[in-house]
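Quick setup: one chain, the form predicted on its own, written in structure tokens, and binding and motion questions come after.
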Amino acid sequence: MSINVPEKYWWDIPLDQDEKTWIKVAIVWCILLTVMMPWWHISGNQNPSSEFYRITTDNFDKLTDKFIAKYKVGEEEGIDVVAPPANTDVFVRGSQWMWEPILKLKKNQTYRIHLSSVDVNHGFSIVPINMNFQAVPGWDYVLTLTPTTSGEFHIVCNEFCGIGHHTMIGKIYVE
């Protein structure tokens, strides 16, 4: 019985000039992107606020309830609607399976949105614009937000949070 041993394996065959060129291009591109990613993070104006605080879920719950009581202007489908003045601390609570309260904000006015969850991790995604954040129990994440477009925006949970996850949609009205 004889075993056929190939004369050359695939790794023994020299590369064509075109293959060498594409490998060089790929390596240079990888190095360039590796250098650019930290630079974009540091110098970019697309970065979200890095302001966050440790907080108990009970304290965040109390702050949110106090905020709702102070600025409530109505209800929509059983969820409180608030209209806080500009330059105000705004509290948004994520809980299975709702965002509360519904916000009425003014265009071109700045708000500090305090975001947290009282039960599990929730994703805070403002649709149709591409803004994605995390609401994490025990953490108060502060976003400085200046709406520049009027309209109705939806807050969608993009982090699976249980059986009612698909119904977790909040609202922001910008007037």
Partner chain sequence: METEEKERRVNYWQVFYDDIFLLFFLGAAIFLISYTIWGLIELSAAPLSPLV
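Positions refer to the first chain, counted from 1. From a predicted model like this one, the values you see are computed outputs, not experimental measurements. The term rigid core refers to the maximal set of C-alpha atoms that superpose within 1.5 Å between the two forms.
We do not show the form predicted in complex with the partner chain, though everything after this point is about it.
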Close approach of residue 54 to the partner chain in the predicted bound form, 4.5 Å, heavy atom: yes
Across 57-83, the residues having a non-hydrogen atom within 4.5 Å of the partner chain in the predicted bound form turn out to be 59, 63
*Quick one: core overlaid, is residue 12 moving 2 Å or more at the Cα between the shown form and the other one?*
yes
